[in-house]
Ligand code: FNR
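First comes one chain, alone, set out as structure tokens in the form predicted alone.
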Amino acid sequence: MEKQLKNTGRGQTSFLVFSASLRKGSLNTKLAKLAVKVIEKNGGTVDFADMAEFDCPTFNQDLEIDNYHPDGAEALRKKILANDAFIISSPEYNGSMPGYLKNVIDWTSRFRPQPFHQHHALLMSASPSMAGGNRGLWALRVPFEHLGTRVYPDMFSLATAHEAFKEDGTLKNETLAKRFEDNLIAFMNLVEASKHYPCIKKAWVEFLGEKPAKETERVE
């Protein structure tokens, strides 16, 4: 009799999720919490964090005495390294990312080894505007990609977000809700494949014409 393999799901794939908004009642926090529900529903493990945990002083290299790193940067570094990927729902400020988010990225990037390198990330946004905060995500991609983060191509921006949520925190529009969940599942599949089937990563790099070699590795 043929032995059937037990489906263990994604219990060993973990995701750091946080909203890059500090205010209470944030639309981005609502979107981040919805992502938590979707991930857990589909077998992932979630480490949900608060942006306030990552608070840092304004970046200043003069403070870097005796290998100094702010507590907020240390907290973010530990959570990134403890999880397989991270998801950020970020507000858009004047067409870009929040200054305090860029600040903690700068501080955290000073650790060696640099923690963002080769980690997967998914970027999301929610805004009352018709663009849904999407311009801020394009700005946010730049430092992460520079640092070697594997930023997922399909970002998610929720337009008119102040009217988009039900009382239970789910999305009113069923088509949009399915698109949101499908995008998260696709990201989860990528992270799972990258973790458990590393040969796929090598084949993907070679397909792009970048032969894995010391000379062609990304410079931190």
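Model, not experiment: these values are computed from the prediction. Just count from 1 along the sequence shown to find any residue number.
Keep in mind the form predicted together with the ligand is missing from the figure; the text below concerns it.
Asker: Could you confirm whether Gly148 comes within 4.5 Å of the ligand in the predicted bound form, counting heavy atoms only?
Answerer: Output for Gly148 is no: heavy atoms all beyond 4.5 Å of the ligand.
Asker: Would you classify Ser129 as touching the ligand in the predicted bound form, given a 4.5 Å non-hydrogen atom cut-off?
Answerer: The answer is yes: Ser129 has a heavy atom within 4.5 Å of the ligand.
Asker: Give a yes/no on whether Pro115 approaches the ligand to within 4.5 Å in the predicted bound form, heavy atoms considered.
Answerer: Because no heavy atom of Pro115 falls inside 4.5 Å of the ligand in the predicted bound form, the answer is no.
Asker: If we define contact as a non-hydrogen atom of the residue within 4.5 angstroms of the partner, is Arg135 a contact of the ligand in the predicted bound form?
Answerer: Contact with the ligand, yes.
Asker: Name the stretch, out of 138 to 146, 91 to 99, 115 to 123, 75 to 83, where some heavy atom lies within 4.5 Å of the ligand in the predicted bound form.
Answerer: In the other structure, the partner sits against 91 to 99.
Asker: Thr45, Thr170, Ser26, Asn183: which sits within 4.5 Å of the ligand in the predicted bound form by any heavy atom?
Answerer: Exactly one residue meets the criterion: Ser26.
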